[in-house]
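Quick setup: one chain, the form predicted alone, written in structure tokens, and binding and motion questions come after.
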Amino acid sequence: MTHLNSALHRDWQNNGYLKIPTFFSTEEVKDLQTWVSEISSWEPTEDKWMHHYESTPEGARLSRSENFVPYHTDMKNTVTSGKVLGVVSELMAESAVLYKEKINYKYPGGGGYVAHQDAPAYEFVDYHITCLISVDSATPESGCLYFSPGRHKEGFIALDEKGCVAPETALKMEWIAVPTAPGDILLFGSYIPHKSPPNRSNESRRIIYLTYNAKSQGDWRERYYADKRQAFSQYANDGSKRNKQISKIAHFQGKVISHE
């Protein structure tokens, strides 16, 4: 099944990202919202799903959940088969496989993310595509994504010691806000610079991020999470500030209070 016409393929090549409105129906959105709420209610574990918490004006809130696909059948079926996998595979021009998954909650007062590219954080594949599913509305006020169109063609851009785009370079870049409504998807590749501000609204901004690599490059999902757990265990014991990150790059601007 073909999901994209020639104009959308052209936009993808030129900009490095692609928004597809109403990719999910109203009923499908209701299911996604229910599943995200279910996952957010799970008690923390040491060896299954991963929850990350941040300090907000309303107290400790979830900032991110990861590694939930093996433990939620409906979510697994939605993100490892069907139209999401189909549209990503179409952009890759070959079959794709899930590399990692996360929910970023960004409740009111939740932290934003500085300008960065995803490639430095995902070490086991050369290239990946992320499919963002908007569970809630994402606006400039609630912290939607901003992209620097066309800059994906340049490879790594001014990486600093945090693994992000150097602030002085980011200030000179063009940034385009890309709001999304529930059911919209937003696709972007490894090298497109992006960022998002904190949530300054009174509404939640829950978003599912699904990252895929070409099947020909192998299935790295279990290796990715094993490596991340090992790295975060090291961060907790090495006296550095890296245990205040929620990724192997230091792009998150919120105040992390625990990883469980």
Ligand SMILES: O=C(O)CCC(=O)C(=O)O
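A residue's number is simply how far along the shown sequence it sits, counting from 1. Keep in mind it's a predicted model, so treat the numbers as computed, not measured.
This protein has a second form, the form predicted together with the ligand, left out of what is shown; the following refers to that one.
Under a 4.5 angstroms non-hydrogen atom cutoff, the ligand in the model of the complex has Asp118 among its neighbouring residues. Among heavy atoms of Lys102, some come within 4.5 Å of the ligand in the model of the complex. Among residues of the shown chain, Leu145 is one whose heavy atoms approach the ligand to within 4.5 Å in the model of the complex. When contacts are judged by a 4.5 Å heavy atom cut-off, Tyr209 counts as touching the ligand in the model of the complex. With the ligand left out of view, the stretch that reaches within 4.5 Å of it through heavy atoms in the model of the complex is, among 221-229, 28-36, 65-73, 194-202, 194-202. In this stretch, 229-252, the one residue having a heavy atom within 4.5 Å of the ligand in the model of the complex is His251; the partner itself is omitted from this view.
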